[in-house]
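This document opens with one chain alone, in structure tokens, the form predicted alone.
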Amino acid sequence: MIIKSIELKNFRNYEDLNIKFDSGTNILYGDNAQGKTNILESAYVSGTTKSHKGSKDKEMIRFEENESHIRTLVEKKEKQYQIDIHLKKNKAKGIAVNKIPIKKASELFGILNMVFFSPEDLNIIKNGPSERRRFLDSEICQLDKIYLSDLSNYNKILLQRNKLLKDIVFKPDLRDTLPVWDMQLVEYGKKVIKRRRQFIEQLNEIVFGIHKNISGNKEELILKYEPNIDEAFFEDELNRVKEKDLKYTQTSVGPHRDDISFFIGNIDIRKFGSQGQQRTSALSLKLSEIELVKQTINDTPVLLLDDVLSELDSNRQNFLLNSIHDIQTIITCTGLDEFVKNRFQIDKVFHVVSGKVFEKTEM
């Protein structure tokens, strides 16, 4: 699977851009705040309909413009796909695949599989549980449309239930309607918990060997899924905490409070690991993600590396670069020195300056 080209109109700081990528390694280099990450963001939006930063549609539209267009050409198993995303300031986005509009964003998932790796991901282990849940959801949603639907339904019902809990304060009679939402919350919540558990099991089979290699056979990494509540007890627990939920007007149990822990031996490196251990584990996690996508879709994802190399020491840099030789990679960085020094295979180089992209023909 490769991205052949991306065309942007009024996206972030790009008025007009058409960039063609190589099927191997593509480098986007330039000073900070020139627009390198914006190109990766547009690719991510093309595959998932959302920004990896969590930005709203209107925030991705160029200043003083009302709409923006992203056109991405994808080649997958000898088939070509044209993905058009039309962002609008005050309306829902428009999405078309091969010029045919689609009604649900879920119809887009699975056409373009990507693994996005940014410096923030290196802190996934030491940061809060919401980031680890986001990692779980973003990856499973790309691979499993049923999970995407179940998660979407769960989140909608959770919002409705929380709104109802607040409304009951002023209209106590509404309490009689709470069991309707509880029943649906449990139905979809159980499915979310079950699929997350399965995903962590699959990931563990891969991450163990990768981390052992990166650490020079010194460390063995195990991921542990920490569901807030086991699916078998979800309904009973929701009933048990009902008065508490009514008092604090929010849902206190469910997969929206799940987490993942990371163990090296008996040490929970989330709490007691060194920064080096946490970063190596985060790198192992991302490389495992790539391998899991390969196994699931029987194809390679596109890897988007956003200024990650500058955050890694030379050993981790080399391991990462040696692990991605067989997939299309788009890398942003401020300079080319590391690539030249390591004699790393580079297929295309682009210099990004103030929303303009210049292809370099000579290194």
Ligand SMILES: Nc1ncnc2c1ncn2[C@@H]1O[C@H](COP(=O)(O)OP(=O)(O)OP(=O)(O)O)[C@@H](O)[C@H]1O
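Just so it is clear, the structure is predicted and the values come from calculations on it, not from any experiment. Quick note: we count residues from 1 along the sequence shown, nothing fancier.
What comes next is about the form predicted in complex with the named molecule, which is not displayed.
Within this chain, T334 lines the site of the named molecule in the predicted bound form, having a heavy atom no more than 4.5 Å away. The named molecule in the predicted bound form is approached by R12, whose closest heavy atom lies within 4.5 angstroms of it. The closest non-hydrogen atom of I61 lies within 4.5 Å of the named molecule in the predicted bound form. The named molecule is not drawn, but in the predicted bound form it has a heavy atom within 4.5 Å of D31.
For the candidate set Q328, Q317, N38, T48, a heavy atom within 4.5 Å of the named molecule in the predicted bound form is found for exactly one residue, namely N38. Residues are counted as partner-facing when one of their heavy atoms sits within 4.5 Å of the named molecule in the predicted bound form; in 304-319 only D307 qualifies.
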